[in-house]
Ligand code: GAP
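Quick setup: one chain, the form predicted on its own, written in structure tokens, and binding and motion questions come after.
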């Protein structure tokens, strides 16, 4: 299996992702997206927005600020609870995230253990510093929020914070959206944007960063609603690998189940089931293989302070099964907290019950960077027969959709005509360097789904050769039909 280090090297070499400010030595946990990376990332976000916002009548979008009042984060519980456990080496002074340290050394799951429990495990197993083999001090909680000083004067109210998640800006704005958008329950509010966490030990390339991007949706429902009218056979019959809380307690492997099975066991509500299924399906519809995905139920001791039930969609990376999507039942926690701390009512009038109510919330939360990493990792194929890498990205999100090549340089003028006609509709790349075989290989490596080649016959029959990336099959297509042909192949 492709290691995360190999994937990082590949992404840099091909222009997907670069270490940020690398010429000055870089900064741990920060990455910049290159020419191909930004196209793929934008396509990924566009797909999410189209799926969960613009094609639905019951979801609206916002774009909140990156810096927000400390009062929001006090109300949300982040200033008190948004922590990881840190241990520091007594010899070299290096900090380590305690749970990752224990998991790396002992190969056990310690999700949800507090500082005292992790400290005991480290001492009982004589775990040493991986940097210098020194001893660790007592474990302690470390808050992940980034404080920001506003203005020149230092006062109690001059300290704000880079947001630790995008969700809180949705809760802070939700009454404005209700009043201005004339929305009715049930409804959702979505947002794509940056979040910031002062991670103790960022690692595994894009998986754990200090600056990253989220795609989050808060869906507001009546607290007493037990039925979800949107839940249909498509979601109920969805089958996937599932690791339950009981399986984790018994140290058993995941099993194959359906959404209907989880409902029958009473593990989640119908609204929660609907959004969990839709979130899982978004990944598979972008081409992620089902055998590399599973859903894991959070055990009670690892639940976030705001959640009564959380399910993660996990991907099987080379470094293990890891979360790429979180789906939480936040209940009324956030709106209750903001109502309490702001002194302003968060209740809204419900036309169905003819009364004021405080909605409950289901939250599907996606990491843009983790989704990006998943799609690259799953699409990466080392094709021994071809002798090159084939990046089998879905045509829906491929950073370059069509490669346009002259068979030889003498055909540049005609090829440019074809190229210019196509790039009004598709993201195209013109390539005239090297043999046609080498150009096909370069196109494969960056995930171009279709390559169009202009040859000498084109001058007479006005046709071009279209090559399919995944099958390498070639088809002769008339230039006048080329746009329609490609549109159909892309499934528009």
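All of these numbers come straight from a predicted model, not from anything done at the bench. Residue numbers count along the first chain shown, from 1.
Another form, the form predicted in complex with the ligand, is not on view; read the next lines as being about it.
- The candidate site formed by 214, 363 and 367 is fully in contact with the ligand in the model of the complex, as each residue has a non-hydrogen atom within 4.5 angstroms of it.
- Although the partner is absent here, residue 139 lies well away from the ligand in the model of the complex, with no heavy atom inside 4.5 Å.
- Taking the partner from elsewhere, residue 165 is found to have a heavy atom lying within 4.5 Å of the ligand in the model of the complex.
- Of the heavy atoms in residue 306, some are within 4.5 Å of the ligand in the model of the complex.
- Residue 199 belongs to the set of residues with a heavy atom inside 4.5 Å of the ligand in the model of the complex.
- 206 is the sole member of 87, 375, 206, 101 with a non-hydrogen atom within 4.5 Å of the ligand in the model of the complex.
- Of the residues 350, 245, 225, 323, just one reaches the ligand in the model of the complex with a heavy atom at 4.5 Å or closer; this is 323.
- Of the candidate stretches 342-350, 395-403, 326-334, 284-292, only 326-334 has residues with heavy atoms within 4.5 Å of the ligand in the model of the complex.
- Contacts with the ligand in the model of the complex, taken as any heavy atom within 4.5 Å, map to no residue of 234-261.
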